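Okay, here we've got a single chain as structure tokens, the form predicted alone, with questions on binding and movement later.
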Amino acid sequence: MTETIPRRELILQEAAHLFREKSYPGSNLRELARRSGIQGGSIYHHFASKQEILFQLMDHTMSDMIERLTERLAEAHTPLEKLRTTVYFHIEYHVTGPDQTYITDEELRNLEPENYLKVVAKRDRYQRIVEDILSAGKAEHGWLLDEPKLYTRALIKMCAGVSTWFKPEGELNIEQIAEAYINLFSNGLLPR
């Protein structure tokens, strides 16, 4: 039995792919409707504008990342366990949803001011989760990090970048990549 994707979800899925392929400014709703298998004007039954589609994509992605990471962190107890959980989650999320995460990372400049502020607030909330883990490691284990925000941004970008080169049939799977990144990053945090 084939699973049917709700029309609104299908439009968002196709929009993420289209916006990644052609950029947000380079995309139009006519092509999005065609890719979604609907008539051009039918998009307006689901979304008021192309801007709303972009915002919904980004807002959903950030909310989903916050919710899922928070759930996974509930099972981790030490800063190192939390760091391991975060690195694995961030890589896995970006590899399995590259269109949505790419749009969320790269198309912020195309959001209208009000939408921009909402998405950035969620992005900052996600970053604070990671920053708090690093700060806890500094407090509890003497991790060397004089600039927690900088380390947080570096870790997030390093993990997100895996989606640009990862191949499921490649030499390393997600778990192996995550473990290598954890070792690389955490060894740099150890007191000397």
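From 1 onward, residues are counted along the sequence shown. Here the structure is a predicted model, which is why all the values come from computation and not from measurement.
Beyond the structure shown, there is the form predicted together with a further copy of the same chain, which is absent from this document and is the topic of what follows.
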query: Selected contact from R125, R30, H45, R153, since only one has a non-hydrogen atom within 4.5 angstroms of a further copy of the same chain in the model of the complex; finding: R153
query: Single option in L69, I38, L145, A136 placed near a further copy of the same chain in the model of the complex, where near means a heavy atom within 4.5 Å; finding: L145
query: Contact flag, Y102 vs a further copy of the same chain in the model of the complex, heavy atom cut 4.5 Å; finding: yes
query: a further copy of the same chain contact in the model of the complex: E106, any heavy atom under 4.5 Å; finding: yes
query: Non-hydrogen atom contact G188 with a further copy of the same chain in the model of the complex at 4.5 angstroms; finding: yes
query: Heavy atom of H141 within 4.5 Å of a further copy of the same chain in the model of the complex; finding: yes
query: Joint contact, K22, G26 and M158 to a further copy of the same chain in the model of the complex, by non-hydrogen atom at 4.5 Å; finding: yes
